[in-house]
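In structure tokens, the next block holds one chain alone, the form predicted alone.
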Amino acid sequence: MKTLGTSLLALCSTFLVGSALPAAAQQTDLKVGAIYMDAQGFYAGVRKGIQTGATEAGRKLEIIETNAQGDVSKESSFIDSLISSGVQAIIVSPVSADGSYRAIRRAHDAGIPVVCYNTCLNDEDMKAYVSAYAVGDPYQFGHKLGEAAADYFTKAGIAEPKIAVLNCEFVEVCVTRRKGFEEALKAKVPGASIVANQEGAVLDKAVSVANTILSSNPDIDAFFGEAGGATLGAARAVRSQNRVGKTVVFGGDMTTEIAQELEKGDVIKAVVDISGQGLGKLALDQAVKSINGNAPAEIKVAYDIDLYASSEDGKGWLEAHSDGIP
């Protein structure tokens, strides 16, 4: 769950990768549909990873892509368009674990392998209609961040920290992220408590919700942002209400602005991240294998989760991502 200009993520765009390949390689084409859940920076990383993966594999790639804007009906309509266009596979981060299955089933029934990334369907439907699921374990995602938060509170001598959550729990992975966070935190700091939990996945809404929470609960010690918009929104609210040094932020999903905040070191204290580019490459790899009849025996294909917990970590991320794409 991770901001991207419309010039990069145009609706229903087509891109060719590998135009400099030898003629023999260019004769083997991939036509893949890619659906992004929203327009945040993480999905720019996924898109770049898909393109890079095709280039590295020596394949000519045509991507037909769109932004579902968190809307199941838009997602469904685009999947139908992809089926009609004859794509060989569909790569998608489904909007809803329960509401997205009908459209994905139609693709499956049409003989088109579907590869999930980041989010997927419920377990029963995933096993029935999905070829592979490229994912960083959401429980471990939250657990790593919960441990970092616990270490921070222990070092600061805060035995009963009050924490507010800005969530993205309209998707199941975010519920699981919170579960991992809470269990890791309370194992080391049993006096910790969640005093607020409100939706705020998109930046503007996250800032507004965090400001309201701070006004109602001025003694909050920290925010947990379950996704990138929530993480940055919480940090901006802390600064706007002059809470620097009193309220800190732990969050998910690295972007340039979040890395800059982490480098400052006074508000955001730790960030857990799954590389969008890495996940995109993995998803494409699984799509190609599925097209060739070699889908993985285990549907879930794990991807690494990274913890950034210092100013140096923030600086290092910025140096490694000078183009701003996560």
Partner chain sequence: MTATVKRLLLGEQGLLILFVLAFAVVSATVPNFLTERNMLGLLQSVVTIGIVSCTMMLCLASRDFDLSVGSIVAFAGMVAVMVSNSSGSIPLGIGAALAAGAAVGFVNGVVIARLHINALITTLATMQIVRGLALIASDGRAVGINDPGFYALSLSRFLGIPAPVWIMALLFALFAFVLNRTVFGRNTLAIGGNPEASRLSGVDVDWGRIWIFALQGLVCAIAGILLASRITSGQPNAATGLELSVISACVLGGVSLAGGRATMSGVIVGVLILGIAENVMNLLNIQAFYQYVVRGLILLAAVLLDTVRSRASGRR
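Positions refer to the first chain, counted from 1. For clarity, every value in this text was computed on a predicted model and none was experimentally measured.
What follows is about the form predicted in complex with its partner chain, which we do not show.
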{"item": "Contact segment among 110-118, 140-148, 191-199, 88-96, judged by heavy atoms lying within 4.5 Å of its partner chain in the predicted bound form", "value": "191-199"}
{"item": "Heavy atom within 4.5 Å of its partner chain in the predicted bound form - the one residue of M126, A184, I83, V209 that qualifies", "value": "V209"}
{"item": "Single option in I104, C174, L214, V135 placed near its partner chain in the predicted bound form, where near means a heavy atom within 4.5 Å", "value": "L214"}
{"item": "K155, K269 and D306 all contacting its partner chain in the predicted bound form, non-hydrogen atom within 4.5 Å", "value": "no"}
{"item": "E169 within 4.5 Å of its partner chain in the predicted bound form, heavy atoms", "value": "yes"}
{"item": "Heavy atom of N122 within 4.5 Å of its partner chain in the predicted bound form", "value": "no"}
{"item": "Partner proximity in the predicted bound form: D285 to its partner chain, non-hydrogen atom cutoff 4.5 Å", "value": "no"}
{"item": "Touches its partner chain in the predicted bound form: D71 (any heavy atom, 4.5 Å)", "value": "no"}
{"item": "Partner contacts for 292-326, taking its partner chain in the predicted bound form and a 4.5 Å heavy atom cut-off", "value": "D323, G324, I325"}
